[in-house]
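Given as structure tokens, the chain that follows is alone and in the form predicted alone.
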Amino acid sequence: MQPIIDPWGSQLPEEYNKLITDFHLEQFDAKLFPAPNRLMRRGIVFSGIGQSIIADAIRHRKPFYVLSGIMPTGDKIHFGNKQVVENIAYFQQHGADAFILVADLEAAATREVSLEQAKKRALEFHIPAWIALGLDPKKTTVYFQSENYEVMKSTAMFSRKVTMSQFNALYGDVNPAKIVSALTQVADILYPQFKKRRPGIIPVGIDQLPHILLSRDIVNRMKSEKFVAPSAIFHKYTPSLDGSLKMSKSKPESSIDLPEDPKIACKKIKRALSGGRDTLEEHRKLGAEIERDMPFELLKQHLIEDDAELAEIYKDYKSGKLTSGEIKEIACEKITEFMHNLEKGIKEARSKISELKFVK
């Protein structure tokens, strides 16, 4: 039986390679893209759909877009959001028109957040945080789902192209609110093509795969409209500090919010699952089990940009020269610097909101 991937978070995949096989996805190929970013180089972006058409658009300077969404349900974000923003920034730098939707309708339908709350949170925190993480406001178009008539109108049109059996196959157990949310996501994904048909890429976590598959299927059923089937790249989760697959708000002791007090983040890192051996003598002799070390994973995914610096730490830790305590100290230093820069960046970014293009 094909596994269900639930974008609302009640089920999580366990084996990334199995996902590629089960859903007939592409292995991500960093060689297709010029100057791949840290996430691409290090295998954090592990899979995709329709990579070649985007690589061709970059190579030949053809029009294309990159799109993602903000879910304004709280006053914190997480490392998965950071990964999305970094990939948006990459494609912006390589010629993409960027579109950011604020999923206020989805927040209202599935999370019971009012439209007013959603707008306030998006403008005061989420959008500034994305700018602080690398989004270029001068090259970005933003809209709120509830204020975009074309998206709402298209949601109704796309609903005629889907059956309940298809929803159940993609999403598992669904209710009316989730069906509306999913169809709105399709309209969002295709919105940049409403006036001009062109390729687009959606950088997301693998839990959002059903929305991509639904969008591509609807495009296939509307061949006369000549939409270009959306491409996507999928990144791995940032694992929980206890070693489980994904950081989760349900386990705050093993999850780091963005932003968070660096002292609190460091306490969590120092309690994190380590790859160090049971004794110092054994560690010096055998070296670390890096594949199970969560502080090193945090360094690899988020906190060290320079490949040579990371390789040196890897070599010294693998050989036993560096201890798990020293790795945790490095991670604490890096995350303290990162959190200070993020807080400062968010404050500065609030003055740049006017540089964004808002769809009315």
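Keep in mind that this is a model prediction, so the values were computed, not measured. Position 1 is the first residue in the sequence shown; the rest follow in order.
The following text describes the form predicted together with a further copy of the same chain, which does not appear among the structures shown.
Engineer: If contact means a heavy atom within 4.5 Å, which one of 120 to 128, 229 to 237, 84 to 92, 141 to 149 is the stretch that engages a further copy of the same chain in the predicted complex?
Structural biologist: Only one stretch passes the 4.5 Å heavy-atom test: 141 to 149.
Engineer: Honest question, do F296, I304 and I327 all end up within 4.5 Å of a further copy of the same chain in the predicted complex by heavy atom distance?
Structural biologist: So, no: the whole triplet misses a further copy of the same chain.
Engineer: Verify the contact flag for S159: yes if a non-hydrogen atom of it lies within 4.5 Å of a non-hydrogen atom of a further copy of the same chain in the predicted complex, no if not.
Structural biologist: Taking the distances in the predicted complex, the answer for S159 is yes, it comes within 4.5 Å of a further copy of the same chain.
Engineer: Wondering, does F167 line up within 4.5 Å of a further copy of the same chain in the predicted complex on heavy atoms?
Structural biologist: Yes, F167 sits close enough to a further copy of the same chain in the predicted complex that at least one of its heavy atoms falls within 4.5 Å.
Engineer: Can you tell me if L245 lies within 4.5 angstroms of a further copy of the same chain in the predicted complex, counting non-hydrogen atoms only?
Structural biologist: No - in the predicted complex, heavy atoms of L245 and a further copy of the same chain never come within 4.5 Å of each other.
Engineer: Examine S274 and determine whether its closest non-hydrogen atom to a further copy of the same chain in the predicted complex is within 4.5 angstroms.
Structural biologist: Flag for S274 set to no.
Engineer: Between I264, L280, M222, A177, only one gets a heavy atom within 4.5 angstroms of a further copy of the same chain in the predicted complex; which residue is that?
Structural biologist: After the contact test, the surviving option is A177.
Engineer: Name the single residue among L241, L133, L209, L105 that comes within 4.5 Å of a further copy of the same chain in the predicted complex, judging by heavy atoms.
Structural biologist: Answer to the contact question: L105.
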